[in-house]
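The form predicted on its own is given below as one chain in C-alpha cells.
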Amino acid sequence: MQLISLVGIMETTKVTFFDLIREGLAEVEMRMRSCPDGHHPKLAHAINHLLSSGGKRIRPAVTLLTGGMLQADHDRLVTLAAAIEMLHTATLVHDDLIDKSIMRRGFPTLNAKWTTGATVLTGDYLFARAADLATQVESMELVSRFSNSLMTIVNGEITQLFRTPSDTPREDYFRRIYAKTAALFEMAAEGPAMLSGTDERQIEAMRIYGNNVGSAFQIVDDVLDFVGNPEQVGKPTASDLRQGLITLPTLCYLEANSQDKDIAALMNNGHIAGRRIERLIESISSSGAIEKALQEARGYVDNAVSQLAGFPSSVEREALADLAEYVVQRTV
C-alpha cells in the first residue's frame, strides 16, 4: 500500500529538514543529558537509556525550525526544545508502565527492567527535569503554557483509563489524540513563536500548524498499528484494538460497516477477544478503512502547510512544510 511504498521519498524529505538543524538537535540532546549533580547513578543510567532509544526528535525539530524562521534567540530555543522532548520522554515512561509494554522502538522499556515503583519515580523525575528546563527559558507565559500542556496530557491519560462505550466515538477519538499528541506538537510550534515576539496572528498560525501536524502524526501512528512491521513499531499488530482502544482506522471501518456484528460487539462491550477480534482486525485491514484514515491525515497536513503561507519565504519555512509531509510518509 502507499504508506509502505514511500520510504525513498521519506528519506529525501528527512535530509531536507533534519540536516538543516542537525547541530541544533545535537545541542538539544546535550541539554537533555546534562542533569544536575547529586542524583543517583542508576537514575543517570536510566535517563541515558531512555534518550538513546531511537526517538525521532520531531518535536524539537518543529521548535528549532519555527524559531529559526522567526529569528528567536537560539539558546532559549534549544532549552525549550529540550524541555518539550523531556516532557514527551516522561510521558512515554508512564505510558509503557500503564500499557505493560516491554519494548519500544526495539529497545526494552524501563518497566521491563525495573520495578513499578522505580519506573514511576523515574518518570516523575523526568517531569520535574522538563519543568526545570522550561523555567530556564525565562518566560512566565511559556511556563504557564507548558504546565497547561502537561495537565492536558495527564487528563487525557486518565480519560483513556476510565473510558466507557460512547455515542460519539469520533469526537472522543480526536479529543484523545489532542491530549496524547497534538497538544505537545502545538506547544512545540507555538512556543518558539511566542519567544520570537511576533504578532498574535503568526503565533496563532503556528499553533494551528502544530495542532494539525500532531493530529496527523497520531493518525499515522494508529495506521501503523495495523500495517506497520511489529518489530519496528514495537507492538503486535492492532495492539490498540486488542486492548479495546478505538482509533481512526476502526472508526472509518465502523462508519462504513455499522452492521458488522464484530464491530457492534466491540462498540457495545468495549472489548472482544479470540476469533472475533482476529476476524475484525482482518476485516479492517482488508477494507478501505486504512486508506480513509490516511486521507484524513493528509487533510491535516495540508491544513498545517497552508498556515505557513503568511510567513516570509525561507529555508526554515520550506523545511516545516517538508516536516509535515514526512509525518504522513513515515513507516515507523
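In this text, residue numbers run from 1 along the sequence as written. Computed from a prediction, not measured in an experiment: that's the story for all the values here.
Heads up, the form predicted together with another copy of the chain isn't pictured, but that's what we're talking about next.
Shown alone here, residue 203 lies farther than 4.5 Å from another copy of the chain in the predicted bound form, counting heavy atoms only. Using a 4.5 Å cutoff between non-hydrogen atoms, residue 254 does not count as a contact of another copy of the chain in the predicted bound form. Using a 4.5 angstroms limit between non-hydrogen atoms, residue 132 touches another copy of the chain in the predicted bound form. Looking at residue 274, you'd find every heavy atom of it more than 4.5 angstroms from another copy of the chain in the predicted bound form. Of the residues 79, 122, 111, 181, just one reaches another copy of the chain in the predicted bound form with a heavy atom at 4.5 Å or closer; this is 122. Taking a 4.5 Å heavy atom cutoff to another copy of the chain in the predicted bound form, the contact residue among 198, 139, 101, 239 is 139. Just one listed stretch, out of 187 to 195, 240 to 248, 93 to 101, 208 to 216, contacts another copy of the chain in the predicted bound form at the 4.5 Å heavy atom level, and that stretch is 93 to 101. For the three marked residues, 165, 265 and 287, no heavy atom of any sits within 4.5 Å of another copy of the chain in the predicted bound form. Of the residues in 131 to 159, those that come within 4.5 Å of another copy of the chain in the predicted bound form through at least one heavy atom are, in sequence order, 131, 132, 135, 138, 139, 140, 143, 144, 147, 148, 150, 151, 154, 155, 157, 158, 159.
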